[in-house]
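Only one chain comes next, encoded as structure tokens, the form predicted alone.
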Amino acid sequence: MTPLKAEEIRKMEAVGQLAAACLQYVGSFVKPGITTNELDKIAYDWTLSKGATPAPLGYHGFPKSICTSVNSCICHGVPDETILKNGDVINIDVTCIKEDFHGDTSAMFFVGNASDMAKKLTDCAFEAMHKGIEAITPNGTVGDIGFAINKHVTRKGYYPVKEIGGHGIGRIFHGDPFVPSYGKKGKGELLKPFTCITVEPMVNQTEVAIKELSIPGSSIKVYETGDGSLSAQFEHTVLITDSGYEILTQID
């Protein structure tokens, strides 16, 4: 990816904060009885009210404005008339476009009272994301990030999803480099200063092979755990600087 200019970085910072605020706002409506379609409509209306566009809507035929991945859904869950019930966990993935730049972030939310099992898995995914981000250095590699994530996840007794991961982001939604949740230090593509990536480990309870499901009219796939066990994910958009990194989708 081409390094961003100063004014482009300011735009990435702005859209990152917008995406973070959208995620926080939509997440505040998560409760037993709401449908994922209702959450999608809330996100759509909020995003347009801020003069932005929901990036997923129409992207390679994806039919909705956000991804809502419930329980065993790893990612790319399509909002529908599914009613959230007490004890569910849901990942909400938001990407906004403003002034041609993308801000991408996701988080887990508990529907009512979550089980200790779900809380532990969710904590692991959150910690793994931050371990990956902390491994970022200018001119380091994506393998540094993957190594840190994998080490944390496996030590906790869980399994990082290897087939899907983070990506370059900026004027385009998904670009190079691919940012895996496993790897070796010093291996893989370089992390170029003043480019942006997402760090988004997806963590499964078991190592059973994942399932890939089609979305009608779209080339995007939905991914689910192969045995119906839980999955958890967190995501930030991160700017690689000349001295370290800046998390663009974090609200202090």
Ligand code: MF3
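Please read all numbers here as calculations on a predicted model, not as lab measurements. Start at 1 and count along the sequence shown; that's the residue number.
What comes next is about the form predicted in complex with this ligand, which is not displayed.
Checking 167, 130, 156, 120 against this ligand in the predicted complex, a heavy atom within 4.5 Å turns up for just one residue: 167.
Of the listed positions (39, 210, 67, 191), a single one reaches within 4.5 angstroms of this ligand by any non-hydrogen atom in the predicted complex, namely 67. For the marked spot (13, 98 and 172), a heavy atom within 4.5 Å of this ligand in the predicted complex is absent from each of the three residues.
Residue 56 belongs to the set of residues with a heavy atom inside 4.5 Å of this ligand in the predicted complex. Proximity of residue 93 to this ligand in the predicted complex falls within the 4.5 Å heavy atom cutoff. Within this chain, residue 30 is remote from the site of this ligand in the predicted complex, having no heavy atom within 4.5 Å. Contact annotation: residue 62 falls within 4.5 Å of this ligand in the predicted complex, judged by heavy atom distances. Contact with this ligand, judged by heavy atoms within 4.5 Å in the predicted complex, is confined among 108-116, 173-181, 143-151, 80-88 to 173-181. Along 192-220, a non-hydrogen atom within 4.5 Å of this ligand in the predicted complex is carried by 200, 220, in order along the sequence.
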